[in-house]
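The data below hold one chain only, encoded as structure tokens and taken in the form predicted on its own.
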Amino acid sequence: MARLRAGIVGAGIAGASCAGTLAAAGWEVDVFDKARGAGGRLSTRRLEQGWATMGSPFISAKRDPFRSQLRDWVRQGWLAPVRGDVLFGRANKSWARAQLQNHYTPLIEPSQIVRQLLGNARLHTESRVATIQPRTIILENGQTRGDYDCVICSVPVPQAVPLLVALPRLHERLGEVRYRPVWSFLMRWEGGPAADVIKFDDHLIDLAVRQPSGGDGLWAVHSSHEFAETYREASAMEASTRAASAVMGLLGLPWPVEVEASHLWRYAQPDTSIGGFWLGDRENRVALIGDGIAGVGVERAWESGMRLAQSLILAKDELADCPSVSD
């Protein structure tokens, strides 16, 4: 009996969890991503002194099975629970302390965790997809990969829309989903309050997380949605200058903050989502997964990919195709 085949667009955590689960069940799985490696919003920035993450600042879990998955990653030495207090406030007002429950920080590059999730799936990097058609993926270089039992799209919804024009049943539903942006920066400073996580009481800067690698005084700083929407079309230099100035004021630093890298996440967080764990076109054997379908957060994205894969595995003895809209 021929092995079932899946083609997946996007190697973030949703696509990786789906791909690895299918591959472990004996499917042949191809994963295509435009980047140079896996990770999506858990991708890693390499530095001379180590690495840093400018994507999701934490990985958190509210329920099983993801809570069990995170505990397993802790046992493997990949994650550690957030220890100590989170500092909240700003220097010219006051600081308060609170604790984060069930939040974890990476001890290895988050992109490596996503790569492990892929398991035996075949990852095709720097592979831009031009369009998705029934059971078929067409790359920008003209290459056609077809005859899949299911094609799964796991990129942010605004990026999926132009890929799905040949599939009106899915295409029409995606107009409901909106995302909000975030600017992320790698900043280095000396002094400031003693903390590993700072949650700012501010409308421009949201969060700063000390990085475990990359040398002394390195922080990943995340803007508010309002800041990112104001400076969505600004240059990286302008956004960095304004963000660094804001951080200096919030921390009460007397000397400049050095900005070592910046990145605009245009699709950082869905403001709305379709609901359910996936959206599927049974007739054409195409499905969508990810946070734009399932809701905000790494946990929901992981669940989205896992749940679709499990459904496909259970259905293989009857009809090897994608389920329709489900929750």
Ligand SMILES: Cc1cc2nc3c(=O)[nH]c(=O)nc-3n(C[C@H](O)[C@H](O)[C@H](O)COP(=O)(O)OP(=O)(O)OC[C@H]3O[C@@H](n4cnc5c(N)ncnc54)[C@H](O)[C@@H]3O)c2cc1C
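One rule holds for the numbers: they count along the sequence shown, beginning at 1. Model, not experiment: these values are computed from the prediction.
Beyond the structure shown, there is the form predicted in complex with this ligand, which is absent from this document and is the topic of what follows.
Partner proximity in the predicted bound form, defined as non-hydrogen atoms within 4.5 angstroms of this ligand, places exactly one of 278-286, 264-272, 22-30, 44-52 at the interface: 264-272.
Not displayed here, this ligand is kept clear of Pro106 by more than 4.5 Å at the level of heavy atoms in the predicted bound form. Residue contact check for Gln69: none of its heavy atoms lie within 4.5 Å of this ligand in the predicted bound form. Using a 4.5 angstroms threshold between heavy atoms, Gln211 stays clear of this ligand in the predicted bound form. Contact between Pro156 and this ligand in the predicted bound form is found at the 4.5 Å heavy atom cutoff. Scanning 53-81 for heavy atoms within 4.5 Å of this ligand in the predicted bound form gives Met54, Gly55, Ser56, Pro57, Phe58 in sequence order.
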